[in-house]
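Encoded as structure tokens, the following chain is the form predicted on its own, with no partner shown.
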């Protein structure tokens, strides 16, 4: 297939591009600056509602990843606005372009996030049927999903993947946790008991591919393993694999809030999320548990 990816320069987009090429698909990108090459990139200007129509030539699947990074900057009022509008406006531009017809797009896969459910405590796992939360991130994700729901009115199959914490050896949260551990300065964050619903980057790419190739996939799917972990478990197991001691006490929550402001919510809180629909569709994880995932990512070199 010919697959168009927006927001392809990030951690997920880069890995997904490589994975799809290995599967024999043709991939094109949509970004701020055009380029030629094995993976051509066509330009769009989201704020001015412009998109190079050549980007859609022969495209059967769109994977929409574009959006300002949630954890890249402190959550000022302006940054919050940017986080929301970058998602809503880009989705609106894609919808407006596709609504004009003259394209071959049959499937639209939108990135979403488990932040949809808010921060929840308790032992019960949250499935796709759970209602949206009421904090800032939950509101962003709810509006993000609503911004792509109109694709179904165009006769396009829509899949929304609610992605959890992505574990990768190329960047992201795991590398931020591992860096101080390697310097003998690692420690759990906050209470350490907060639940982290995660997925190995390879399994995430495979879930995207399942959504691309299986027409019965439609609607929202939790893109996490069914074995969430506590923050202290992830920290301790990473240190053990790297043969580093953890001698520092946990970083207190008030310190994290002083450092990160309101954005500390995503560090000190969590949610136990279960991939019920993916499992029902027969998806099986290559890395279902934390031990196998960390061994692959931290020891394979």
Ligand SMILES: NC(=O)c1ccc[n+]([C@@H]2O[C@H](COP(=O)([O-])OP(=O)(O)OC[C@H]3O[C@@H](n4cnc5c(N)ncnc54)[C@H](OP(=O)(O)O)[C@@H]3O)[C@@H](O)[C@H]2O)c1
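Positions refer to the first chain, counted from 1. Fair warning: this is a prediction, and the values are worked out from it, not measured in the lab.
The discussion below concerns the form predicted together with the ligand, not included here.
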When the ligand is placed as it is in the predicted bound form, are 7, 12 and 32 each within 4.5 Å of it, taking any non-hydrogen atom of the residue? yes
If we test each of 39, 242, 68, 256 for a heavy atom within 4.5 Å of the ligand in the predicted bound form, the one that passes is 68
Checked 98, 166, 159, 205 for heavy atoms within 4.5 Å of the ligand in the predicted bound form; positive is 166
So which stretch, 24 to 32, 264 to 272, 50 to 58, 243 to 251, is the one near the ligand in the predicted bound form (non-hydrogen atoms, 4.5 Å)? 24 to 32
Although the ligand is absent from this view, report whether residue 72 comes within 4.5 Å of it in the predicted bound form, heavy atoms only. yes
4.5 angstroms heavy atom contact with the ligand in the predicted bound form for residue 234: no
Taking any heavy atom pair closer than or equal to 4.5 Å as contact, tell me whether residue 147 reaches the ligand in the predicted bound form. no
Using heavy atoms and a 4.5 Å limit, would one call residue 113 a contact residue for the ligand in the predicted bound form? yes
Could you run down 233 to 269 and flag each residue that has a heavy atom within 4.5 Å of the ligand in the predicted bound form? none
